[in-house]
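This document starts with one chain, in the form predicted on its own, laid out as structure tokens.
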Amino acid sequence: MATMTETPTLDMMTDVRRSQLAETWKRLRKNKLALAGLILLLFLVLVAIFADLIAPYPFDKQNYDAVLQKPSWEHLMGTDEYGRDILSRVIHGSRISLRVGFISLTAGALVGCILGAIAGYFGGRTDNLIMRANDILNGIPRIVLAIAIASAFKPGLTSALVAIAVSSVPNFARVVRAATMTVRDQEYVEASRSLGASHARIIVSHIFPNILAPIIVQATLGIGTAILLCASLSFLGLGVQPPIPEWGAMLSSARSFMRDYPYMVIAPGLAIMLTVLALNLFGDGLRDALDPKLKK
């Protein structure tokens, strides 16, 4: 009898989740801009995955017979001061920028979600301690915080990852804390607590599954900001270092040539703009699709 009682319950929960996903996808499809952002984002991800096959030249191949050539059929986006094909470097740069964005945001989201959930669930002194420290970090402009952290380490990919991850923690902590406080007193949480479930189990099994929507939206919008921060750090010489083809580093190396050879800054700048635009369009659409106030 126990098995017969549990099975319909699990099936009902599965059906509810499937219906919620179907409803979210239905609402998302109606948003043409969000759908365009998703398609553009998937295209950029595919370009990054198959960069070795798509790029016409190796990104680090120098050809001093083709230095500073303007866009042509042989080099669609021209060449840089070392004769390297800019299109190939932009294509390979998508790997670096997307990797930094996803990895740094994942690390920052993990720490921020844990701190936010602890603060929102326990409240009191724990909440005050965590959120006051969070307010201190949040009071520092994000780019300034990232520059300060990156400056403390040797310039490179690792320092950029750490700087962006730390600077993204306050936003996730604030969002998760607010969402946790709205569900911590719900009936299913009280039922689990009365049955003797541990605080960690309640947070992981009951709190997080019911606050995923704002976390997903924050992460989607935050990846674009992380890519911009990575490009900014590399532009200032604190992030990814040459000859690695990161878009911000490409912009930095092209500063001396931008008046006579503007195509050198247009290509990586356009790549940054399109990537951030795609993420913002998709993030805004996902926020609208997951907003319960708009389900009517």
Partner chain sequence: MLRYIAKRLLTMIPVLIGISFIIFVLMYFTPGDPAEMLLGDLATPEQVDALREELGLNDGFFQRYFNYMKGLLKGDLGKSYVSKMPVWDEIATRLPVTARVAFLVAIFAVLIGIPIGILSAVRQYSFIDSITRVFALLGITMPSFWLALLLVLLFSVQLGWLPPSGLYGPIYYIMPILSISAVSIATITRTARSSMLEVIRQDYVRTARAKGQYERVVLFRHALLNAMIPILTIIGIQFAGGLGGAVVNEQVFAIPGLGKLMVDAIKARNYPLIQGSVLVLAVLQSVVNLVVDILYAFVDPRIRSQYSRKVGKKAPKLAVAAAAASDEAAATTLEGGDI
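Since the structure is predicted, the reported quantities are computational estimates derived from the model, not experimental observations. Residue numbers count along the first chain shown, from 1.
If you look for the form predicted together with its partner chain, you will not find it shown, but the lines that follow are about it.
- Taking non-hydrogen atoms only, Leu129 never approaches its partner chain to within 4.5 angstroms in the model of the complex.
- Contact annotation: Ala152 falls within 4.5 Å of its partner chain in the model of the complex, judged by heavy atom distances.
- The closest non-hydrogen atom of Leu42 lies beyond 4.5 Å of its partner chain in the model of the complex.
- For the chain shown alone, Gly196 is not a contact residue for its partner chain in the model of the complex, no non-hydrogen atom being within 4.5 angstroms.
- Proximity to its partner chain in the model of the complex, taken as heavy atoms within 4.5 Å, picks out 262-270 from the listed stretches 22-30, 66-74, 262-270, 49-57.
- When its partner chain is considered in the model of the complex, only one residue from Leu137, Ile114, Ile103, Val204 comes within 4.5 Å through any heavy atom, namely Leu137.
- Checking Ser159, Ser94, Asn171, Ser88 against its partner chain in the model of the complex, a heavy atom within 4.5 Å turns up for just one residue: Asn171.
- If you check its partner chain in the model of the complex, you find no heavy atom from any of Ala107, Ile244 and Leu290 within 4.5 Å.
- Looking at 170-187, the residues that come within 4.5 Å of its partner chain in the model of the complex, counting any heavy atom, are Asn171, Arg174, Val175, Arg177, Ala178, Ala179, Met181, Asp185.
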